[in-house]
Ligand SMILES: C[S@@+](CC[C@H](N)C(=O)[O-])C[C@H]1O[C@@H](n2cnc3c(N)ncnc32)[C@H](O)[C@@H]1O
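For reference, the chain that follows is the form predicted on its own, supplied as structure tokens.
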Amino acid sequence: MPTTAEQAKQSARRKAAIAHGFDLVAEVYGAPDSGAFVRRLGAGLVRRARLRPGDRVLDLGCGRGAVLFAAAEAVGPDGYAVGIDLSPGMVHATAAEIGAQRLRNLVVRVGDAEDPGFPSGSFEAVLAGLMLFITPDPAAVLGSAHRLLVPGGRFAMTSFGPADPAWERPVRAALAFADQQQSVREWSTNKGGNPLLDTPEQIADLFEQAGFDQIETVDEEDVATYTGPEEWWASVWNSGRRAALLELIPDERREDARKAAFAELASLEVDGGLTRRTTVRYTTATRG
């Protein structure tokens, strides 16, 4: 069993890998189709958080601001939203966008969701869009969020429900050309996320242990349409899967990997297009 020191080293390595992976895609993250996808999910998360004008909001793992910008609009000029992310590249790109739009109720900085560095009771809401399941220690993140919320404050997050196995086949076909097959097998086993967040019951247990109540998880279906295989490939390449998976494919094998993925995608095409249905899981809770 790993010692505390070993666990700390493993966690640090995992965080460094997350930061590096999202640095790679910071300038293109969410493009082309997945940009609409993360914005839809960000807007949906903000609605479920029931933000009010004047609220102070913390967005954990803010990325390129899909949740952050929607939250800032919801709280208005009398409130503000703070985004933190492990990836300096993501923070830099998002800060540039904030500056270009001249938004005054928004700030973003490099930070760790396990210890964001704010005093207790600093926020009326803490949000986490598609990030808790990739963190090394979700329980630590929830404990920190609970401390940062005012009594009655709201936590809201998105994660994924059960995946359609048909849409994993193209990715697996490409990964057959990867060098590090052990990493691929580990991803296949845990689906790229923390198994402690696989079911609503497990999610509720984690939240209860962190001190939250009024915990509710709702699954909704999101529909994304791709004009063809090239658009799908671009969306995967511009996502968090790039560093975790596709970067494991050597340059000289990448074209063969792409063709293998496209061969699998052919069975998913309908009338020349591709439609993917994803189960998006929204969880909300309250600090009692």
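Residue numbers run from 1 along the displayed sequence. Since we're looking at a predicted model, the values are computed, not measured.
One more form of this protein, predicted together with this ligand, exists but is not displayed; see below.
- Message: I'd like to know if residue 175 sits close to this ligand in the predicted bound form, meaning any non-hydrogen atom pair within 4.5 angstroms.
- Response: Output for residue 175 is no: heavy atoms all beyond 4.5 Å of this ligand.
- Task: Check whether residue 87 has any heavy atom within 4.5 Å of a heavy atom of this ligand in the predicted bound form, and answer yes or no.
- Result: Residue-level check for residue 87: yes, a contact with this ligand.
- Query: Would residue 260 show up as a contact with this ligand in the predicted bound form if we use heavy atoms at 4.5 Å?
  - Reply: Output for residue 260 is no: heavy atoms all beyond 4.5 Å of this ligand.
- Query: Is there any non-hydrogen atom of residue 111 lying within 4.5 Å of this ligand in the predicted bound form?
  - Reply: Answer yes; at least one heavy atom of residue 111 falls within 4.5 Å of this ligand in the predicted bound form.
- Query: Heavy atom within 4.5 Å of this ligand in the predicted bound form: which of 103, 215, 134, 139?
  - Reply: So the residue touching this ligand in the predicted bound form, by this definition, is 134.
- Task: Determine which one of 118-126, 194-202, 79-87, 95-103 lies within 4.5 Å of this ligand in the predicted bound form, judging by heavy atom distances; exactly one does.
- Result: The contacting stretch here is 79-87.
- Query: For this chain shown on its own, do 46, 149 and 155 all sit within 4.5 Å of this ligand in the predicted bound form, going by heavy atoms?
  - Reply: No.
- Item | Residues within 4.5 Å of this ligand in the predicted bound form, restricted to 52-67 and counted by heavy atom | Stretch hits, in order: 61, 62, 63, 66, 67.
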